[in-house]
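A single chain comes next, written as structure tokens; it is the form predicted alone.
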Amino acid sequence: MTAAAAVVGTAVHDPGLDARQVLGRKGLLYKEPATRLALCAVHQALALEPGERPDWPLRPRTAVVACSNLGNVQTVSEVTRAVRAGGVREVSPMAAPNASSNVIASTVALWFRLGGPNLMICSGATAGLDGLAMALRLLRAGRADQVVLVGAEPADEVATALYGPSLRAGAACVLLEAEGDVLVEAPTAGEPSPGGPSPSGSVAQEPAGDLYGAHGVAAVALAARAVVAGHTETVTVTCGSAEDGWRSALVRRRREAPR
């Protein structure tokens, strides 16, 4: 696996901000909450203006890795109920595509004209850093020159009922390339340091609330910002749970080669 990748863009989206203020009014009909959150985070990481729609040529060398465990669970629940009540004819043709497990990644790719591989990571509490590992594999294999790593979780009725009241809606995005001043290393498995999953040895901010599968992406984004701002040189970010295991990754400034 590539030992590290450069963080060249970050965003942690405020879920209280209306998606129409970020993305504009067109194209949002029938988009699920988690998909809207992910689109907003990617839009901000790409430094687009509010309401600006990307009109650049297709970018075949940019991949999308999306991390979410409960992103479309409400739609899946509604589709299942409709089929049980009246058969497949009761399912709205506008809602059916949202039942795809890959809907967040594929929608991000279509919206921003990104033609590289796109895939979903749904591996529980470690999803954010598992997605980081997959992003590094894509870069190492030469499948992409840039990877859009995005995490998003909703806090709708079904998601909250499944996960618990600590779930918070949110989304974050990290843009990864081969070259840059701030690096994130490949995640490793292991127990968190005493005191819990907070970043260690730094003044990096923790993601607000329990973002579940998006937590790891948000933690990397906030750690990279702390390094860019000069608050610290290294940050260890951690995500996971006792049930799902733990992952950690080091975010650091690139070291100058000795002369």
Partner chain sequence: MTALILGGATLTSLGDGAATFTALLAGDAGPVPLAHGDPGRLRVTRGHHVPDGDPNTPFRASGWLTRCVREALDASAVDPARTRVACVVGSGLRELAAVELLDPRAVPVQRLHFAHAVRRAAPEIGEVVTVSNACSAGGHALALAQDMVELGDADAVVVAATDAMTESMLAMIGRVADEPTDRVRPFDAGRTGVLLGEGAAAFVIVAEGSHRPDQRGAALARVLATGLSCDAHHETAPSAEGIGRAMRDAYHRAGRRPRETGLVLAHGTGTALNDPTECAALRDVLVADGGDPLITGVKGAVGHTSGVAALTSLDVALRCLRTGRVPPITGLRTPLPEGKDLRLLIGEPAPTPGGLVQLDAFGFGGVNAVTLLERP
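Numbering follows the first chain given and starts at 1. Predicted model only: the values in this text are computed from it and were never measured.
Heads up, the form predicted together with its partner chain isn't pictured, but that's what we're talking about next.
Comment: its partner chain is not present in this chain, but in the model of the complex one of 190, 50, 60, 54 has a heavy atom within 4.5 Å of it, namely 60. Proximity to its partner chain in the model of the complex holds for all of 109, 120 and 137, with the criterion being a heavy atom within 4.5 Å. In the model of the complex, at least one heavy atom of residue 124 sits within 4.5 Å of its partner chain.
Remark: residue 113 counts among the residues lining its partner chain in the model of the complex, judged by a heavy atom distance of 4.5 Å or less. Contact check for residue 69: a non-hydrogen atom falls within 4.5 Å of its partner chain in the model of the complex.
Among heavy atoms of residue 225, none comes within 4.5 Å of its partner chain in the model of the complex. Residues from 96-112 that approach its partner chain in the model of the complex with a non-hydrogen atom closer than or equal to 4.5 Å are 96, 97, 99, 100, 101, 102, 106, 109, 110, in the order they occur in the chain.
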